[in-house]
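Take a look at this single chain, the form predicted alone, given in structure tokens.
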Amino acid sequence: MEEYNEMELMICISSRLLEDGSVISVGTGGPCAAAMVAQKLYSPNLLITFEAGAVAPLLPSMPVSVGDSRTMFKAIQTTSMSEIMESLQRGMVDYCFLGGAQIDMYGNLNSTLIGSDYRHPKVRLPGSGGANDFGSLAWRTIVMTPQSSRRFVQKIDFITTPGYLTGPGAREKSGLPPGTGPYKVVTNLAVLGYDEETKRMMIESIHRGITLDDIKVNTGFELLIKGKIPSTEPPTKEELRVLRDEVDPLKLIIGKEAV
């Protein structure tokens, strides 16, 4: 069996979620690696955009920031952040990848603070950046993150980026476009999705070597379970070769521990 680490696992699984011809806006790190693997193996016409303004680059290797010149390699357009945000408002972005320090059962994300006092938090986090815009307006939001009870919580301390808020219909009542919202959560333990009726997070597959109890221990709320849960297909040799040799040969991302 091919050996791989947790970061490689999450990147390879995420790459399979992006269908050919779709439009994705990514930052750097694991999400960018997933988009690059998808473009090289599964979705050659995947159109990648970066918040800093690059449209449809053919990334030669892992950029270190959204303003890295590699994000514009063979791009069809180099525009501005406002143009990228406008494309979101016009409904032209199918996927975005987001993360956060906390996530709840409806996919709401907190990247602002830990604690109950906004002015005197226990931990001040980076904030939204463009996360709220992407989570509000992209059609599908994917989260790639390690799973722990500290991160997957019953109630997040601050809603930086709306998921399904309080449940069915809540996004629409808040003025967000119908049909948009959380799509998948890819963790080091499982692939999670959302129940169509309740909008709550549910288990879709469990990674090899992981038990249902492992997932429950590392989740601060009840995950829905429907029927028999399949095993996640592990990374293939070809996925790992492309990831290690072409996407991230310097191990800038896959050399890091998934925390």
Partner chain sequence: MLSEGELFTGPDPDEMRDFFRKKTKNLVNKLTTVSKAVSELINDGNYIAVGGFGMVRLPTAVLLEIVRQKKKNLGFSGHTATLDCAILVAGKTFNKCDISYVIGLEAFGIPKQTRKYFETEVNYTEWTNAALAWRYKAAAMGLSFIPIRTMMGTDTAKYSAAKEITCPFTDKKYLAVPALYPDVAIIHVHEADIYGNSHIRGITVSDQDLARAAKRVIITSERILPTEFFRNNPENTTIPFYLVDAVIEVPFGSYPGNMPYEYFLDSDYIRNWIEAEKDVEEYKTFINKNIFECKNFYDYLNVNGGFEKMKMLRNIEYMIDNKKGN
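Residue numbers count along the first chain shown, from 1. Please read all numbers here as calculations on a predicted model, not as lab measurements.
One more form of this protein, predicted together with its partner chain, exists but is not displayed; see below.
- Although the partner is absent here, K122 is a contact residue: one of its heavy atoms lies within 4.5 angstroms of its partner chain in the predicted complex.
- Looking at G127, you'd find a heavy atom of it within 4.5 angstroms of its partner chain in the predicted complex.
- Its partner chain is not drawn, but in the predicted complex it has a heavy atom within 4.5 Å of S136.
- Residue contact check for K173: one or more of its heavy atoms lie within 4.5 Å of its partner chain in the predicted complex.
- Only one of A56, L223, V64, L41 comes within 4.5 Å of its partner chain in the predicted complex through a heavy atom, and that residue is V64.
- Comparing 184 to 192, 96 to 104, 162 to 170, 140 to 148 against its partner chain in the predicted complex, the single stretch with non-hydrogen atoms within 4.5 angstroms of it is 162 to 170.
- The candidate spot formed by E233, T236 and L240 lies out of contact with its partner chain in the predicted complex, as no residue has a heavy atom within 4.5 Å of it.
- Counting a residue when any of its non-hydrogen atoms is within 4.5 Å of its partner chain in the predicted complex, there are no hits in 218 to 240.
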